[in-house]
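First structure 1, then structure 2: two forms of the same chain, each alone, as structure tokens.
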Structure 1
Amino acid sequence: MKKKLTQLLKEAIHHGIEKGELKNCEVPFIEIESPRENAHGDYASNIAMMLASGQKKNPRKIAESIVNSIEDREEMLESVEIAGPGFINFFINQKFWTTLLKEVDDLAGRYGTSDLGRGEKVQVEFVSANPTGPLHIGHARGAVVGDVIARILETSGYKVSREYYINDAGNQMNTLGKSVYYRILELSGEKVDFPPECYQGEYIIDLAKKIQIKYEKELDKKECDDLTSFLTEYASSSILAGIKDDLRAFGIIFDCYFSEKELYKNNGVRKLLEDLREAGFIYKEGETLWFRTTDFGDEKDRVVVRENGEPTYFAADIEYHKNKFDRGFDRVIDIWGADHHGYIPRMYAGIKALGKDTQCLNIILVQLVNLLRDGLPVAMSTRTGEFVTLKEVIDEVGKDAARYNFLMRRSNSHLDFDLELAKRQSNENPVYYVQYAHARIKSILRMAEERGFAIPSYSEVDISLLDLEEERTLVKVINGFPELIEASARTLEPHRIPFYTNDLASVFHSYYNKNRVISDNMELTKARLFLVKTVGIVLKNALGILGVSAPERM
């Protein structure tokens, strides 16, 4: 609807210019808003005021010219008014409103999809936690945000690939092997001082036990170096398998797990550095190689090869992003923890040095989660390895509640996650509010069928019977759904969707409490059943994008 009105206004302005009532000018971005006040119409635009300074005319006069030039070919408009300092207020006629529901009925599960992306290939990289320990609560938010951004883009006509980058080439891998090694020594009765830089978590001991039982004989024979690399390999692949299981339980399936080791094969990183050096982006200082990221606005240059000859993580990351583009992605989205924000300028420097437009890379920062239980902070410490794992959260509060709660805030703002609240099946917990609306709709439809009503489709009902104020509101909200998804796709902001589902559920609950759907009036009952069915479709589609179930009953 907003699109139609935008189009109408654009045409009207051009007509106005042709007629000489308006000066020729660039038409700015036309914003159509839904006013709070019903008296201000169903939609409103401030375009006349936007044009005022360029036109050197009273905005109300401009609005008049525009309104007079509107050609309402589809007969959508009941009336158009000019109000206040120059707002143009649109009142949509009842008949046109309700005909919009045909589209929902026709598209059903596809309502909300679009071709915005035109098949563009997009990669979303997220989670990417080191395989040195199980996923914990800190990873969970980024995981859901990445997954839902991927779902939004899929819905909007992009070809999306979800990718997990496995940091399995660095120092921390040796530390992992060493950690397991010391725990095994401990288990076999030797007295050891467990090094503080090693991973302290309980899970290392569990791994050590498993290995001890399974490889009892082999362990004795292996030489120390050989043994550590064996332990590293065993531990990391076992941990990674666990990570995959947890993610699956959270509703997240990756298309690709990309190992950092891949980048070093065939000397990939070295070759890239050589190329960049020839292009003048890299200089040498002693044995150290520096990337001139300050050329691209970074605050200081960054090391890509250390004094000891080892490439840094940053060097591998440039190669990684080059690799992504080489694989044919038009656009790459990275989901990072907000503590990495200082890393952004150098990543963009890398992208530019590769000759890529900065538009090709979007970096989404996800802020930290404050884990609470009944309002009190839950103590966690990476040093001692005490943390609440993702699996524990899923087991305790459930996938739906966890996902929904993680999505309710803007990614870039802190989030309180209260375990007790998320678990509670009460009005304090927003997931249930929305799911309840869906279950309630299903219940009404079941009841109707029991009483002999077939659930009607658009052509079978007299849609003009839906003439209540609340019904108009419902239609309006339903109609806003595709626009909402498009906006979420453009801005990469998943949190808009929970706000929307909450809003739709609220309008529906209110309608339900005030009006009976099933009544003695056959025709009215059919019309309302149809309306309620469309609400159910939208709720289900919206929850589907969030990866949250839409229960038939609860």
Structure 2
Amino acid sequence: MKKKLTQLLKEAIHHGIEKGELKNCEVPFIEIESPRENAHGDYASNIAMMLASGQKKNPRKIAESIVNSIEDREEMLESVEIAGPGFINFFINQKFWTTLLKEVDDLAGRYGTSDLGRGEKVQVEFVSANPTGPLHIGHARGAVVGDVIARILETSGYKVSREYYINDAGNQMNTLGKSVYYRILELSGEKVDFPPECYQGEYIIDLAKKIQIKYEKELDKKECDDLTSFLTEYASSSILAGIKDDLRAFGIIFDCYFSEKELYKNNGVRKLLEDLREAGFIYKEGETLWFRTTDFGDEKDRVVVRENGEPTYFAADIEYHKNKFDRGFDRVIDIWGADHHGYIPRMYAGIKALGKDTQCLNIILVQLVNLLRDGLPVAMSTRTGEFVTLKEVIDEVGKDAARYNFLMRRSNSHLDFDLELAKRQSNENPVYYVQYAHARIKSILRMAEERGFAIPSYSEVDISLLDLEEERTLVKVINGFPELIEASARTLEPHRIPFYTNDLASVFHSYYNKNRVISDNMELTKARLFLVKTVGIVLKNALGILGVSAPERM
């Protein structure tokens, strides 16, 4: 609907220009909003005020010209009014509203899809936790945010690849191997002063036990360096396999697991740094190499090679992003924890040095999760190994509740996740409320079929019978779904979808509680069954994008 109104306004402005009522101009972006009060119409636009400065005219005069130039309003518009300083308010014809349901019926499972992306290749990199321990609750939110952004973009016509960056080339990997080694010594009866910098979790002891049982004889034959290397490789591979299993249970499958080690093959990082140095982006002070990130707006220059000759994470990240673009991605999206906020300017500096526009890179920050149980905080500490794992959350509340609840706030806002609320089968639980709406719809349709009603298509109903205000509201919300998905794709804001599904479920529950769908009036029953069917289609499509099931019975 917003697209139709936007097109009408563009045409009306051009007609106003042709008639000499408006100066020739480039039409700015036209905003179409839904007014808070029904008295102000179904939609409103402030385009007259947007044009005022360029036209050097009173906005109401501009609005009058636009409204008088709108054509074919009888088909779609009941009336158009000018309000306040120059708002244009649109009142949509009730009959036209209901005709929009034909598109839902025709497209069914494809309703909400678009060609917005036109096949543009996009990579979404998310989670990317070090393979030094299982995924915990802090990783879970970023995981579902990244996955749902990928799903939104796929629905909107982008060609998407999901990637997990395995940070397996740093000191943390040696620390992992040493951690397992010390636990093996303890299990062998030796007294060990376990270093505080080593990984403390129970999972390290479990790994040590498995290795000791499986490789007892081989361990005795290995030299110290070989043993540490072996333990590091075994532990990281085992942990990564567990991470993949947990993500699969969470409904997330990556197209690529990219090892950091790949960046260092054939001296890749060093060669890139040398190229950047020749281009003037890197300079040397003593034995340290610095990147001139201040040239790109960063607060200070950043080290890319330390005094000891070792490249920094920043150096590897520049090479990694070069690798992404070299693989043919038009656009790259990184999902990071909020603690990486200060890292953004240097990453954009790196992108510019590579000759890329910063619009090719989107960085989305995901804030921390406050885990609660019945309103009380659940203590977590990754330092001591006392944390709630993703697997524990999935096992306790289920995949659907976990995914849905992680998306209930903007990704850059703190989120309270209450385990008990997520399990509750009541209207207090947002995912239950929405899933129950879908199950209720399926129950209504089954009941209708049992009573001899075939579930009708658009051509089989008298759509004009849907003339209640509640039905008009339902149609409006249904019609907003494709626009919502496009807006979510443009802004990379997945939280918009659960907001929408809760709104749609609320309007549906309210409608059903007030009005009988199946009655003695055959034609009205058919029309309302059709309306209910379309609500079910949209709920299922929306939940599918969230990676949440749409149950038929509850």
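We call the rigid core the largest set of C-alpha positions that still match within 1.5 Å between the two forms. Residues are numbered by position in structure 1's sequence, first residue being 1. These figures come from a predicted structure and were not determined experimentally.
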(message) Can you tell which of the two structures I gave is the form predicted alone?
(response) 2
(request) Kindly check if the Cα atom of residue 131 is displaced 2 angstroms or more between the two structures relative to the superposed rigid core. (result) no
(message) With a threshold of 2 Å on the C-alpha, tell me if residue 157 counts as moved between the two structures once the core is superposed.
(response) no
(message) Rigid core aligned, does the Cα position of residue 540 differ by 2 Å or more between the two structures?
(response) no
(request) State the core-superposed CA shift for residue 23 between the two structures, in Å to one decimal. (result) 2.7
